[in-house]
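Read the single chain below, which is given as C-alpha cells and is the form predicted on its own.
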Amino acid sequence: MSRQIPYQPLLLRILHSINGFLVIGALVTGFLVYDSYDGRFGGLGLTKENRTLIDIHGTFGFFLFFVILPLFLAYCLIKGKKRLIQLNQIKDLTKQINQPKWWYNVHRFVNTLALVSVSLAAISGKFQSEDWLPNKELNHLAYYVHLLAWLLLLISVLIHGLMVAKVGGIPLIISMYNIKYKPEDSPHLWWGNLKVWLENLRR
C-alpha cells in the first residue's frame, strides 16, 4: 500500500530549500577552505590556497547568518515546533527502540541538532578573521568551534536525509519540493498573518 504524499506549508518548503542550498554550499566550500589551508585532521588535497574560496565560503555564511537562518529558525520555533525534539520527548529516545514513535523522535532530535549546528557554525564564523588561515593562525578558539560545528552539521545533514527516507520515504521527499499549495497558504496572506501573530504576541 503506497503512502499518501503529505502536505507541507509553502513557506516551510521555500525556507527549507533555500536553507538547504546554503548549508550544502557552506559545507562544501568550508571543507575546501580547510583542505587548502589546514588539513591537520586529514584532508584530500583537492585545492591550493586561494582567498577566493574563503570569500565564497564567507558569502554562503553571510546569507545564512543574516537572511535565511533567522527566518528559518523563527519558523521552526514558532510554526514547526512539532518537528523538533521537546524536553519531555528526550527520555523517550531510550524507550521502545526501533518502534515508529522512536524513529519519529530520532528524526526530531536530528532536526534539532541540525538547527543547533548550523547556528553554531554561522555564529562562530562571524567571530573569525579571513586573515587567520592565510597567516597560518590555526589555533583560535572560534576556528576550532567552527570546525566542530561543521562536523556536527555534516553528520546531522546526512542523518536527516536518512531519517526522511526512513520516516516518510519518497512521499515525504516529494512533498518538500511540490510547487502546489492551498489557497489559505498563499504568499499574499503571509504579511497579514504575520501582523496578526505579532499583535497576538504583543497582547
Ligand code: HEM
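A quick note: this is a predicted structure, and the numbers were derived from the prediction, not measured. Numbering starts at 1 and runs along the sequence shown.
The same protein also has a form predicted together with the named molecule, omitted here; what follows describes it.
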Exercise for the section: Sort through Ile173, Leu138, Val67, Ile155 and report the residue having a heavy atom within 4.5 Å of the named molecule in the model of the complex. Expected result: Ile173
Handout entry: the named molecule contact at Gln89 in the model of the complex, heavy atom, 4.5 Å
Key = no
Practice task
With heavy atoms only and a cut-off of 4.5 Å, decide whether Ile159 touches the named molecule in the model of the complex.
Solution key: no
Handout entry: Partner proximity in the model of the complex: Tyr177 to the named molecule, non-hydrogen atom cutoff 4.5 Å
Key = yes
Problem - Trp103: touches the named molecule in the model of the complex, heavy atom cutoff 4.5 angstroms - result: no
Exercise for the section: Go through 78-98 residue by residue and record those having a heavy atom within 4.5 Å of the named molecule in the model of the complex; state none if no residue qualifies. Expected result: Gly80, Arg83, Leu84
